[in-house]
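Given as structure tokens, the chain that follows is alone and in the form predicted alone.
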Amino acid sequence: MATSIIGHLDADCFYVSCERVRFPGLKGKPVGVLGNQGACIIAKSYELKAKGVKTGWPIWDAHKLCPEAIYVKRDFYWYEELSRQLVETVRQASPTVEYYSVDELFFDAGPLLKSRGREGISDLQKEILKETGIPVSIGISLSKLLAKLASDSAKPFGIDVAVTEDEIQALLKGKPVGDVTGIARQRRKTLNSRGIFTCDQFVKADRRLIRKLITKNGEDIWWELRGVSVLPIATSRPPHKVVARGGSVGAATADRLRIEAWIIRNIERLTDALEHHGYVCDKLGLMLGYKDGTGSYGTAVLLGPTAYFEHLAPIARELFETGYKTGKKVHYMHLIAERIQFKKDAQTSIFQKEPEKSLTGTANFVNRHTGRFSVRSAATLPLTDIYRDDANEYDICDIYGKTCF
């Protein structure tokens, strides 16, 4: 069996780097990118990080540590444009590319490394900077997880090649297991309780113990970190199990009209996603998170599989009416389409017919010609303050093609 050589490319401070492409005067200065209606920092430059500012902080806390910082609002339209340019540049060197996230991708580095060695990887890094203006770090190894660890160790704007046994051992030695994708907080605690704190300790542990502690997925991680590729490069996204849209509603609110407006906004995003992927669903869930840390979740089974706004919006409203704890301030929400199937395979229901003149179809037609989400339901009018700012019309989940979600 041929040995895989996989590359992982990670853009350095991607959102900030994108802003610096169109605003060169930001280079070398502490910069923060704002989300959540301009209140919280969702990305920061290395200069701002050096001041102690953390992702997720409100701008007023960051200002105390770095009053000279410059803050800009997010612009996912622009970030998506540069992200796709980055992918196309890599495809010129390797046709096998996984668009993992807006700022990360995996690619088959075997032919490039074998034909031109480390110089070929360096030339690719320089070509990306020339074509997109985005600095990237690149890791090369025998599996996806090793390649990702290598790119992390190479930041910023570095290259780390770990393909020999000695190079892989050096990469893993002393690195916390929590640095590995797939080992989050609870899994890290479970491993730590058995004396496994670092990646080199993890790969030396018995495979059966790892599977027992953190399931089959943990066993896959064990193989990956030992240089056995079990997670192939995915050039297309596998079918979803669920599709969800939502997030923060900005300032927490108990205003029922405003909450319902957010629900309709997210139903529009959800139907757009279902339409894009060719899905229908026959179960809908609504999750509400409250300012006090509590929450509620309810689901409803539909009369038949659908992706129409006309069918989903009334159900979402009913879920809100039955699940909302009156007087509580809603902080975030998620609308979740469950029991997903492809529309072409779905059995139509005699109880739920397609609308004669679908609002979903009409809105999608107009939006395809004028820009996504340019046409919205009048039920979202209570959010005119949100729509007044273009930064809030588009979210990271609405960028399609990625395999990470």
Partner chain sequence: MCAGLAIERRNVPDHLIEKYRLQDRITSRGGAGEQEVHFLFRAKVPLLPVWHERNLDIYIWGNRDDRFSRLPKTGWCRMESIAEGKWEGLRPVQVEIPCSYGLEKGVWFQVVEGLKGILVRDEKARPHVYILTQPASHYYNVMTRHDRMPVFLGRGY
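Numbering follows the first chain given and starts at 1. These numbers were taken from a predicted model, which means no experiment stands behind them.
Just so it is clear, the following notes concern the form predicted in complex with its partner chain, a form of the same protein that is not shown.
For its partner chain in the model of the complex, the listed stretch (146 to 154, 133 to 141, 267 to 275, 68 to 76) containing residues with heavy atoms inside 4.5 Å is 68 to 76. Its partner chain in the model of the complex is approached by Q37, whose closest heavy atom lies within 4.5 angstroms of it. Residue contact with its partner chain in the model of the complex: I59 places a heavy atom within 4.5 Å of it. Among heavy atoms of G52, none comes within 4.5 Å of its partner chain in the model of the complex. Within this chain, A43 is remote from the site of its partner chain in the model of the complex, having no heavy atom within 4.5 Å.
Of the listed positions (I340, L26, I336, A346), a single one reaches within 4.5 angstroms of its partner chain by any non-hydrogen atom in the model of the complex, namely L26. When contacts are defined as a non-hydrogen atom within 4.5 Å, none of G246, K283 and H331 contacts its partner chain in the model of the complex.
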